[in-house]
Structures are given as C-alpha cells and as structure tokens.
Ligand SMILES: Nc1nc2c(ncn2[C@@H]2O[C@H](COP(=O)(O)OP(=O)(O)O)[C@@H](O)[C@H]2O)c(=O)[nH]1
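Next up: a single chain in structure tokens, the form predicted on its own.
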Amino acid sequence: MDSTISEKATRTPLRSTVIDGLKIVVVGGFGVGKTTLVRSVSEIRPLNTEETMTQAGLGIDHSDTAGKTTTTVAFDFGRISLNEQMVLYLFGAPGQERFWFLWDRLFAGTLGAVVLVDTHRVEDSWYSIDRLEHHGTPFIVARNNFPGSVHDLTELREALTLSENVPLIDCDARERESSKQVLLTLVNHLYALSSARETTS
C-alpha cells in the first residue's frame, strides 16, 4: 500500500448524510504530480491506471522527469468528504499528449478543475488551460513545489497569462493538508462564481 494512504483511508464508507457530490478534475503536464495529489488527499484507496514506462515511450513522453518510472494511461480516481453533506469526486487526467483524447470525456459533468503546474516546465500547462477555457470550465492553478522551483506566483501568473480572477496558490501534492487546501480553494472559487451569477441575474 502506498505510504501516503492510511489503513483508515482505505476503508472509509460514504456517509449516509451526503446529499451533494461534485466532480473535480486535476489536470496538468506529464509528471507534474496529479496522481500524487489524488493519492495524498483521497479518503478511499484511489483507483489509478498507472503503467510502467518502457522504451516505447522514449521520444514520446518526457525524459526529463528524474526517477519517474510509471505513468497514468487513463485516469486516477479518488474521493474526499468536505463536510457531512458534501463530497468531491476527484479525477486525475493523463498528462501526455497521446492521451489527451480522453480529456473531453473526463470533463463531462465536471464543475471545476485544478491545473497543477511544475514551474520547471510551465509550457506544459498551456494546453490544460486552453482546454478548460474552451469548455468554459472554472479552474484554479496550483504550483506544485518541487525542489528548486522557479518563479514566484506573480511571475507564474504572468507566464501563464492568467486573469486576476483565477486563483493561484502554492501546494505540496505529497501532503494531505496542502492538497486539501487546493480543493477547498477550488470549491470556494466555484461558490464565488455561482454567487456572482445569482447577483447579476
């Protein structure tokens, strides 16, 4: 069992008081930490479709992600309860271009998304942001703090040409509380957008 998943987390049943479930997608480039984030925060044993990387991936997938030996080939799935009545269903999208055809199906029914960014490879995040904007899906951006991360948040916002109304935060995808804060930031963003629409309607 992965060290980030406790025995208690693998056996947590869905509460009978739950009345609302939100579908959230975590997107970003190859090796940015999407699977790690879902694993770290999920209260159930996550479903994942990781496979061992082989020689066939050379020249197709990135080779500059040191120590990475597996890759997601469909999606990750996890669940976290925010309170007695609300749960988030988390879907981690594959990062490689050859699996992008899966994204449209993953986006179906999605209320919001997290774009996870590695500042060593900012350009890998552009496609994610473009697709979310194309679908009209609200999102936030989370900088995963890899060792030696470059760019402060202001520089990252400029590099991604993010508007000021898109939340941008730091996180450590390995840490449960940090990953949970990312999801809470997204939920708060979704509520703020919903309230703004109700005010103007």
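Given the structure is predicted, the values throughout are model-derived calculations rather than measurements. Heads up: residue numbers just count along the shown sequence, starting at 1.
Keep in mind that the form predicted together with this ligand is not shown, yet the notes after this line are about it.
Trainee: Wondering, does D172 line up within 4.5 Å of this ligand in the predicted complex on heavy atoms?
Mentor: Close contact exists here: in the predicted complex, D172 approaches this ligand to within 4.5 Å, heavy atoms only.
Trainee: My question is simply whether T36 lines the interface with this ligand in the predicted complex - judged by any non-hydrogen atom within 4.5 Å.
Mentor: Because a heavy atom of T36 falls inside 4.5 Å of this ligand in the predicted complex, the answer is yes.
Trainee: Is F30 part of the interface with this ligand in the predicted complex - any heavy atom within 4.5 Å?
Mentor: So F30 counts as contacting this ligand.
Trainee: Residue-level contact is defined here as any heavy atom of the residue lying within 4.5 Å of this ligand in the predicted complex; does T137 satisfy this criterion?
Mentor: So T137 does not count as contacting this ligand.
Trainee: Taking only heavy atoms into account, state which residues of 113 to 147 are within 4.5 Å of this ligand in the predicted complex, ordered by sequence.
Mentor: Stretch hits, in order: N144, N145, F146, P147.
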